[in-house]
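Take a look at this single chain, the form predicted alone, given in C-alpha cells.
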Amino acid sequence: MKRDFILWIALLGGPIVWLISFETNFALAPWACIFQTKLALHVISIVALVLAAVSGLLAWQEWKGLSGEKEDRPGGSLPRSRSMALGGVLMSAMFFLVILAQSIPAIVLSACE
C-alpha cells in the first residue's frame, strides 16, 4: 500500500507541481507588475524545480529498489510498479525542464512585460 502511494506521487508529482507553479505565477504576475518586483515569481520557480527534482529522485529510488526484486509469476504487480517508477523518472525530468523553460521569461523580461 505504501509503495503504491509513493509510485503515484512519483508519477504525478512533476505534472502537479508544474500546474500549481504555472497557475501561481499567472496569478502573481499582476502583483509583480504593480510592485515592480519578481522575487515571488523566482521563489515559486525555485520551489517548483526542487519539488519536481524530489519527485524524480523518489521515482528513481523506487525504480532502483524494484529492479532487484524477482517475481515468481508473470503479469503480477512488479512489472506495473517498475513501469510506474520509470514513468515517474521520465515525467519528472520532462516537467523539470518545462518549469525551467517557464521561468526563463521571468529572468529575462521586466516585471510588466
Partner chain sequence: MNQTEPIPNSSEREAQALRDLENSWQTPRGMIGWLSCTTHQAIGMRYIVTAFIFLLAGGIEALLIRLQLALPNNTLLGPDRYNEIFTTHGTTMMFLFAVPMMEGMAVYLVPLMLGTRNVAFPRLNAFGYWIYLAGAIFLYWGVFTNTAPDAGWFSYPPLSGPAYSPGKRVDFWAQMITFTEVSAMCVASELIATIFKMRAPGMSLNRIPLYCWSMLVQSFMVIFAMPAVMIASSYLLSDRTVGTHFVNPAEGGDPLLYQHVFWLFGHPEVYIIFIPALGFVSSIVTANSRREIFGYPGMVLSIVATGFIAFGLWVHHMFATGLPQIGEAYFTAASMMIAVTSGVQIFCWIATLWTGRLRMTAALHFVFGFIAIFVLGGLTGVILASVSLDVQVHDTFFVVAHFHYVLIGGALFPLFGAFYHWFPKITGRLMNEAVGKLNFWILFIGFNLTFFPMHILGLKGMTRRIYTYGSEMGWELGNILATIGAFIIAAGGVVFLINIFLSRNRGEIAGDNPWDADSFEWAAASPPKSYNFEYLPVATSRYPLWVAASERTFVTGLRNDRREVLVTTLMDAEPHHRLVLPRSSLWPLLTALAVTIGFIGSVFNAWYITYGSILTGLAFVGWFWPRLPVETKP
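Here the structure is a predicted model, which is why all the values come from computation and not from measurement. Positions refer to the first chain, counted from 1.
As for the form predicted in complex with its partner chain, it is not shown, yet the points below apply to it.
- Within 4.5 Å of any heavy atom of its partner chain in the model of the complex lies no heavy atom of residue 61.
- In the model of the complex, its partner chain sits beyond 4.5 Å of every heavy atom of residue 67.
- In the model of the complex, its partner chain lies farther than 4.5 Å from every heavy atom of residue 9.
- At a distance threshold of 4.5 angstroms between non-hydrogen atoms, residue 41 is in contact with its partner chain in the model of the complex.
- Along 51-67, not one residue places a heavy atom within 4.5 Å of its partner chain in the model of the complex.
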